[in-house]
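Encoded as structure tokens, the following chain is the form predicted on its own, with no partner shown.
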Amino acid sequence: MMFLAATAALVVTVLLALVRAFLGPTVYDRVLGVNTIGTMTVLLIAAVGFLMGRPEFLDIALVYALINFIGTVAVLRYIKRGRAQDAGEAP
């Protein structure tokens, strides 16, 4: 019962982050909202895996967390520099 309440709280948090992602006044607020949605999705995958008795969902959650982190860093780097840079270019 406790995990169902936690899952419901995570869904509410995702909805609030979705509002922030759409209404954020700056691009950084939008990126933060999308990153929060990704983090809450990782927690939802782990909670659902526990509820269903499927421990392999934790592996999926870890991979999704890594993709979320790398994607956020890539987007912020692109926003900071204004364009994608090659590895050989000077900063």
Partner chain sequence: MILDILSWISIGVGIFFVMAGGLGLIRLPDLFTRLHAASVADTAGAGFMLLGFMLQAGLSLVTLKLVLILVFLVFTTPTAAHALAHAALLGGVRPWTRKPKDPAP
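Residue numbers count along the first chain shown, from 1. For clarity, every value in this text was computed on a predicted model and none was experimentally measured.
Below: the form predicted together with the partner chain, not depicted.
In the predicted complex, the partner chain lies within 4.5 Å of some heavy atom of Pro55.
The shortest heavy atom separation between Tyr78 and the partner chain in the predicted complex exceeds 4.5 Å. Residues of 6-25 that come within 4.5 Å of the partner chain in the predicted complex, judged by any heavy atom, are Ala6, Ala9, Leu10, Val12, Thr13, Leu16, Ala17, Val19, Arg20, Gly24, Pro25 in sequence order.
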